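First, one chain by itself: the form predicted alone, in structure tokens.
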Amino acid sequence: MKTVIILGAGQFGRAVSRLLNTEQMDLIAFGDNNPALHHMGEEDRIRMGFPPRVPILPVDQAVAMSPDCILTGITDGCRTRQLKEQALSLGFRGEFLLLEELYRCFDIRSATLKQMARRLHQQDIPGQIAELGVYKGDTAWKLNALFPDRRLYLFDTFEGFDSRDIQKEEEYGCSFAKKGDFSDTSEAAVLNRLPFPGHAVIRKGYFPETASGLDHETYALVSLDADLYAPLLAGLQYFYPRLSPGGMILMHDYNNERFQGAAQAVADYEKDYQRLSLVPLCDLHGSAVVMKPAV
């Protein structure tokens, strides 16, 4: 069994720790340059998603444990190089695993989406496909390719976050998002990426107003990736009742520190309407799958 330390104890570092094969890799410590993390109590560490009894140390102390392997727990290329150079300067000569490189090669969320699509095809679940929060179309083109014969509704402002939603974020303390974030996109740019653009329907504007006229539509698969509390709650309120039995929702950011509105939206939906059959995923952004029970 190899001993390993993870450099970077942020959300991605904690997420990748849950992906380690514990029969082959023994996580002995996190190393982080943030001193606020070094003296956290065990209860706080567990609450934040750290594995039990794994210390969070300054980088030099973690490297001094002489692990067989160092895993850099961040995806930013510049910071990855800085941490690797710091470890080398401290005398580490073992194996490096760089999350930045693994992240480019392996995508849990997309792999899950493909399996969801396969299940929906096998079970012949009826309904259209939709995404709320399209941005540049990274997921939209996958949905379009996986369901080439179905209508794909794309809901987005295409102008970034709306001030009304930002007001809710500030009120509930869900994020530090700003009006206009993620505005560097356009309907044309997204449509130009799609393999079957003739089946895509752009619904530009403020959701749920943009769902007007679709009250009787049904859906087999929905991607909820609006980041913020208000549109995600509205998305659950609109889409879940219209899911076909056996239909699914792929929700981004359910366990995400940067955008905590998704978890709050789920909690409030369940409080006001009904419990959801929800399965958290182990991707770095904390996605989740919601499935509507089959009849």
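Residue numbers here begin at 1 and follow the sequence given. Here the structure is a predicted model, which means the values were calculated and not measured.
Just so it is clear, the following notes concern the form predicted together with a small molecule, a form of the same protein that is not shown.
For the chain shown alone, Pro231 is a contact residue for the small molecule in the predicted complex, at least one non-hydrogen atom being within 4.5 angstroms. Proximity of Gly205 to the small molecule in the predicted complex falls within the 4.5 Å heavy atom cutoff. By the criterion of a heavy atom within 4.5 Å, Gly77 is excluded from the residues contacting the small molecule in the predicted complex.
Within this chain, Ala220 is remote from the site of the small molecule in the predicted complex, having no heavy atom within 4.5 Å. With the partner left out here, the small molecule still marks one of 223-231, 49-57, 63-71, 35-43 in the predicted complex; by a 4.5 Å heavy atom cut-off that stretch is 223-231. Only one of the listed residues (Glu187, Glu101, Asp138, Glu170) places a non-hydrogen atom within 4.5 angstroms of the small molecule in the predicted complex, and that residue is Asp138.
In summary, among the residues Phe147, Phe161, Tyr153, Phe92, the only one with a non-hydrogen atom within 4.5 Å of the small molecule in the predicted complex is Phe161.
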